[in-house]
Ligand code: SAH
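This document opens with one chain alone, in structure tokens, the form predicted on its own.
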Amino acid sequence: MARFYIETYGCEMNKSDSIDIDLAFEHKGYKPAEKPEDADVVVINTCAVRHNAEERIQGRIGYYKSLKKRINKKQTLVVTGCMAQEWGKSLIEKYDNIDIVTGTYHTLDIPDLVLKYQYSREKLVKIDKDSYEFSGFKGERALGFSAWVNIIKGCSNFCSYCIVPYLRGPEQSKPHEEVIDEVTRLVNNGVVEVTLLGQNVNTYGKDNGDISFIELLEKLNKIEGLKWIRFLTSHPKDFDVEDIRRIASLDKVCKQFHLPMQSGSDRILSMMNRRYTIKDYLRLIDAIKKYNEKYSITTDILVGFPDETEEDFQHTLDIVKKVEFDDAFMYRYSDRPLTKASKMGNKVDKEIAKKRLEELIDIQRKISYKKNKMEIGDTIEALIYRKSKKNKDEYLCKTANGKMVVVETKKPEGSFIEILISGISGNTLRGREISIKEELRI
């Protein structure tokens, strides 16, 4: 029986796409291979958000060229995802070991394209964006007790530094009836936690006149058997205080807010085409803190955007210290093809940008440690995710507000337990499972 292997880079959306690719192969009779050496077909699902991601992927393509020569000359190599959409035919022209290139609109077609290639032995490129189909696998997309659910694809924001809108196309919402049906099926198959995915979940329904994102959350909150609902990513320009107030009343929606700020400078935000000010952003932060007793706020911050001055950077540090994010994804600007920022002058020196990023990371790490330390002594519910790699008796658990906790327990993955937070190990909390008797005393 033919075997396939998928290697995934990039965001949760890419990881979700890889689930669909996996299911598409299995529905065609393929079996997953444990390692690429054993696979008849290898799929590299790529990212193009930053230059260093593309460099890593090119290194892997080179590795598969040597693997093909050494072990399996008939192995079919497929490159898909955002980098494939960006590079198109030039990928095959540069790397002769690539057999198929597919873009972001054709992940579900990969098994059929493989069959076509293996019959004709003619290299294939399919990167058109004529039509897009959401996955039809629905209830099958579970990762055990948890599942990602794509509710909106694409992006229509065109932030000046971001290539994603050019590669994933405009926003397109999945009809809310289909979302509810998918989540219901997942719950019936044992899922207790779902994460709603989109490049910008807050614009859900605006492209097709469907219900709004908050209305979708309110409907999903009523599904029996579903325990937790998470969502990402939110765009500050499309989130408002009323949404946050209504979310606070939904008991199944986790109060874990990922709200990319990108910069603390209004001047830079305008150049980025983010379409909100820091005053707007802080209004949302204040609402989260006002309406939610237990919450976490994480963010994305881009350092070294063209023409970013030391004053602009200090504004970012000031907001980071003011808000005290629980965590942040921090990265350095790099030019991306097609984007307006790539054509801007006054590029920030790489060494200066590197030093700014190091300073930002140092400050945020101290804040994250402080925020985690404040959790010590709290009793909190957590979901058991997976076994610890360091200790067979310990498990990695996740709280409703997204904190990871290491706990010793005999309960299985997918179970909910009460935990007393007792300490910190690196960036991870440590805790102790509370017995039923202790719960009654509490």
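Everything numeric in this text was worked out from a predicted model, so none of it was measured. From 1 onward, residues are counted along the sequence shown.
What comes next is about the form predicted together with S-adenosyl-L-homocysteine, which does not appear here.
Contact with S-adenosyl-L-homocysteine, judged by heavy atoms within 4.5 Å in the predicted bound form, is confined among 49 to 57, 396 to 404, 409 to 417, 26 to 34 to 49 to 57. Taking the partner from elsewhere, L302 is found to have a heavy atom lying within 4.5 Å of S-adenosyl-L-homocysteine in the predicted bound form.
For the chain shown alone, Y333 is a contact residue for S-adenosyl-L-homocysteine in the predicted bound form, at least one non-hydrogen atom being within 4.5 angstroms.
When contacts are judged by a 4.5 Å heavy atom cut-off, C162 counts as touching S-adenosyl-L-homocysteine in the predicted bound form.
Taking the partner from the other structure, S-adenosyl-L-homocysteine in the predicted bound form has a heavy atom within 4.5 Å of a heavy atom of P260. By the 4.5 Å heavy atom rule, the three marked residues Q199, T233 and R274 all count as contacting S-adenosyl-L-homocysteine in the predicted bound form.
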